[in-house]
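First, one chain by itself: the form predicted alone, in structure tokens.
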Amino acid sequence: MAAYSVQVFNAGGKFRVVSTKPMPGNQWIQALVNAGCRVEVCTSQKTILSVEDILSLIGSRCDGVIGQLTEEWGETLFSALKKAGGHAFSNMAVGYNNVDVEAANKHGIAVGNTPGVLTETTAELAAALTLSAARRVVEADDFMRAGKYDGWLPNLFVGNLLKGQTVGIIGAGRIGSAYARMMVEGFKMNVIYYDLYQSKFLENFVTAYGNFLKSQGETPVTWKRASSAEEVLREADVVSLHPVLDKTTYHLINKERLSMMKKEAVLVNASRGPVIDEVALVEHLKVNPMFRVGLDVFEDEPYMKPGLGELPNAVVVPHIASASKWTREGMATLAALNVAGKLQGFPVWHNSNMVLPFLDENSPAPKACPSIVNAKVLGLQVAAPVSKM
């Protein structure tokens, strides 16, 4: 873009830091100002900035940038940032599939991300999608708003009871395990999960909760670690996807694997869109009207594959898994502190998932970068853990 509008904070700051989007809250701005930064926030109404747009924002002098997961950060942008004197970039996201880390390494630019602040809110959204799909909430809402309701009927929007059913988790990391706990505690669901690594935390939790239920005269919940994703798909009544996106999980859910699932199963995805072959999903939903899906992410975001938006058995929301006020403000603050910390020469925090010390507005943030994904390659110092008295 030839011209762009920016909002400037601390105009006389030593470092020039650009944010490609306005971000929630004020703590992130204050963190950069406290570090001596001039902060320029792009206020363009364009939803997704192009590489050319961001090149204009970087200009001839820029020390650091806070970007978004919708932007393509590769050789062109990192080369320009390096030439402008920059050496710090942070995604306002835990994922960084949009970032060519090797290009950043080549130019000596630290790449930050924001883990540790999205776990519960993402799991909550996955649970919300599960309930909405299982109980046909969106269909019923549309029906009511259209003035079609003229009295109770025995078969009106009959959905799935979750209590006592089996929830399947593919990817039992922090978010997958948090989601599983919600479904176990909330609906007394049994768990089957598949992950390359054993989740002792999840297993111990389900075992302990099952023992508690048994002590109360109720049927205990159970867990099972599956030997394959296919085993989860065959046995679970609800399947929630929480894997990383790489070549092994691209189109993990395809036509063949969809056919393995129960005809009235619920499939939820709040991880990455390309984990599902969306064309195959559309066809499956058409042929199996009682199969339901809840999606927060899409294969060709921001677009949906043709037909998906017209299907009543699909609940679709616009990538809002992290959209709680606390989480989004926290993501902005962590992204800012990644850049501010690097510009001040701070070490990298020892545990990128232990972020609460950085988010306490009543205490100074630790003198560290919360999370730098290429810290080891760049040889950045790691802060020693704080000893507990």
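Each residue number is its position in the shown sequence, starting from 1. This is a predicted model, so every value here is computed, not measured.
As for the form predicted in complex with a small molecule, it is not shown, yet the points below apply to it.
In the model of the complex, the small molecule sits within 4.5 Å of a heavy atom belonging to residue 243. The small molecule is not drawn, but in the model of the complex it has a heavy atom within 4.5 Å of residue 95.
Contact check for residue 173: a heavy atom falls within 4.5 Å of the small molecule in the model of the complex.
Contact annotation for residue 322: at least one heavy atom lies within 4.5 Å of the small molecule in the model of the complex. Proximity to the small molecule in the model of the complex, defined as a heavy atom within 4.5 Å, holds among 155, 215, 248, 227 only for 248. Residue in contact with the small molecule in the model of the complex (any heavy atom within 4.5 Å), chosen from 195, 299, 203, 237: 195. From the list 181-189, 116-124, 157-165, 305-313, the contact stretch for the small molecule in the model of the complex under a 4.5 Å heavy atom rule is 116-124.
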